[in-house]
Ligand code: DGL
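Only one chain is shown below, in structure tokens, and it's the form predicted alone.
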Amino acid sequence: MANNNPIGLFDSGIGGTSIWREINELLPNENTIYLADSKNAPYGQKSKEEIIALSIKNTEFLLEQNCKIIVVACNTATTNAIKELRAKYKVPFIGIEPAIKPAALNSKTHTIGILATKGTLNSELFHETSRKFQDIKIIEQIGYNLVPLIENGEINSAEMNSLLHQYLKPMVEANIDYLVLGCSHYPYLIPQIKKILPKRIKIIDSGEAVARQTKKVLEENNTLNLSNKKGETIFYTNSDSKVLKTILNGNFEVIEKDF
């Protein structure tokens, strides 16, 4: 496989661009292809079977573009489908799951909060991880309607602000000292979240760790792009590209395509 083949990423919409940014920053010479399955967002309310089927469809699309590694830039798709993807395809997969471990290991109050989709919080993989930290109290909150609002470009809306207050207030009252963002869309809400949470509460998302793991796997497989040339990125979406273009500040090619 050619080293200049692209890294492929997919998500149930625009949220995984938060993961793409971290990868692009760490590996600026890599070519990347990002697939926004906004037509089917959010994945969090779908059945495991539906999530697996959508993840297979997205993977097939990225493999057709000759991607050398695939980043499942979606917590819900990772926690519900990555085992099946790894069993079905030879290409390496990088998953993304809520960063409970660093939060649990560093918590002084032994209480952490996690804001995630229903699909992630109900998944077997999430429960496996949570069980490892029996001495930590985990306050779980499903982020109902946050993803659709983000997908519609309503990040700073009154409705978003109201929902965040509703979801975060019980966590603050429970004395959390870490908030884990368990959905790749949610880093775009950090400015609003910071206005609601006391300064002592740290916010953790998985982006940096995913970028480091991607680099590690590329090194292990000798597939790092060693060119000194800045990599190219193509974004695909099966919905209106307006919000995706806004999130990317209009700096990248965005192709609307039905897939």
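We number the residues from 1 along the sequence you see. Not measured: the values here are computed from a predicted model.
One more form of this protein, predicted in complex with this ligand, exists but is not displayed; see below.
*Asks:* Evaluate residue 99 for contact with this ligand in the model of the complex, applying a 4.5 angstroms cut-off between non-hydrogen atoms, and reply yes or no.
*Replies:* No, residue 99 stays farther than 4.5 Å from this ligand in the model of the complex.
*Asks:* Does this ligand get within 4.5 angstroms of any non-hydrogen atom of residue 42 in the model of the complex?
*Replies:* Yes, residue 42 sits close enough to this ligand in the model of the complex that at least one of its heavy atoms falls within 4.5 Å.
*Asks:* Give a yes/no on whether residue 104 approaches this ligand to within 4.5 Å in the model of the complex, heavy atoms considered.
*Replies:* Heavy-atom contact with this ligand at 4.5 Å: absent for residue 104.
*Asks:* Does this ligand come within 4.5 Å of any heavy atom of residue 180 in the model of the complex?
*Replies:* No, residue 180 is distant from the partner.
*Asks:* Please identify the residue among 82, 147, 142, 168 with any heavy atom within 4.5 Å of this ligand in the model of the complex.
*Replies:* In short, 147.
*Asks:* For the interface check, one of 112-120, 83-91, 126-134, 152-160 should have non-hydrogen atoms within 4.5 Å of this ligand in the model of the complex; which one?
*Replies:* Result of the contact check: 112-120.
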